[in-house]
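Next up is one chain by itself, shown in structure tokens, the form predicted on its own.
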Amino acid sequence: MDWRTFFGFATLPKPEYIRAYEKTLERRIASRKPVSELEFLVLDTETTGLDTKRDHVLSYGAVQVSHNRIKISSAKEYYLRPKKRNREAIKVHGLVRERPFVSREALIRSFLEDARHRVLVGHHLGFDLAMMERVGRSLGLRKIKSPALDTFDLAVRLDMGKYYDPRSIVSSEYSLDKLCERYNIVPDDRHTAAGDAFLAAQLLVKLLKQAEKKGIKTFGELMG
């Protein structure tokens, strides 16, 4: 037996659903594809804290946006049993013990299946993706490489232009709450994964309309 296997350091074979997801990444979205024809997966995670190395995902919510329309029937919400019960996080997010929990594998499998050929979207998305990578690391998921679009960044870009000084941005003015207020989106079910994903999806649709008015009409222009 190889010593790395004996001590548990050997890399385990990736599950089929991870390999299937990675296979889809070989086929990139054409830069000239119209924004109106893009498929998006808008997601959010609720966590025990903001440390991507130490904190854990409590819940995950997602909804798909297709052809600039929210697919309500695609909405999903999953709860993971936390390794360490965090009373403050549960109090803030409204999570209770009676919630049905799913396995980490079930969550990652569902997420990766939905992510295929879609642009991932979220508000401060980098944090959510880092947390999902943390969930999937022990399963063989190393990096989420789907194209990603942050509604925070898009909102700033539409206001300030493509080339702006980050130091000039007042971050609080681009919080999810502030942008929902600006775009007349009712902040229902705030601070739950499914609720925040749905709010971000509504915000995405509003921002895409603004982007079109500013001449942003293709995938390449949207991501550029």
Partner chain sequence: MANVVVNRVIDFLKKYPPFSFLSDELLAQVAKEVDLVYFEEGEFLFQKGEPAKSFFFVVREGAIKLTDHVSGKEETVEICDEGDVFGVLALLGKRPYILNARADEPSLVIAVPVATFEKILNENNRVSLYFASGFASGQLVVRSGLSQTQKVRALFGRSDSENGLMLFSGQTAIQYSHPVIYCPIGESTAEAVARMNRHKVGSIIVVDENKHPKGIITDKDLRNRLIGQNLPYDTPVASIMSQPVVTASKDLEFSKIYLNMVKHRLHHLVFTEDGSADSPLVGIISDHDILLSQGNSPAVLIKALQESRDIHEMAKYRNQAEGMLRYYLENELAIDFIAGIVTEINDTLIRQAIAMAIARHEADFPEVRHIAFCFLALGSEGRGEQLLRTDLDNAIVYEDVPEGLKEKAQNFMHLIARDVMDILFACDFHSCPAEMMANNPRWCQPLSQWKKYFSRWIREPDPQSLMMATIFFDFRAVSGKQGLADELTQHVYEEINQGKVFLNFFAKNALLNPPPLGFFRNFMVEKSGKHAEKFDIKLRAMMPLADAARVLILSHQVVGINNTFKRYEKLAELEPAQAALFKDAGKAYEIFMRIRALEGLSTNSSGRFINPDSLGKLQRQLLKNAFFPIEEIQKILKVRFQLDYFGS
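All values derive from a computational prediction rather than experimental measurement. Numbering follows the first chain given and starts at 1.
The form predicted in complex with the partner chain exists for this protein as well; it is not shown, and the discussion that follows is about that form.
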property	result
Heavy atom within 4.5 Å of the partner chain in the predicted complex - residue from 33, 69, 54, 28	69
Answer option from 139, 75, 102, 148, heavy atom within 4.5 Å of the partner chain in the predicted complex	75
The partner chain contact in the predicted complex: residue 18, any heavy atom under 4.5 Å	no
Heavy atom of residue 192 within 4.5 Å of the partner chain in the predicted complex	yes
4.5 Å heavy atom contact, residue 198 to the partner chain in the predicted complex	yes
Heavy atom of residue 206 within 4.5 Å of the partner chain in the predicted complex	yes
One stretch from 154-162, 167-175, 45-53, 184-192 that, in the predicted complex, holds residues within 4.5 Å of the partner chain by heavy atom	184-192
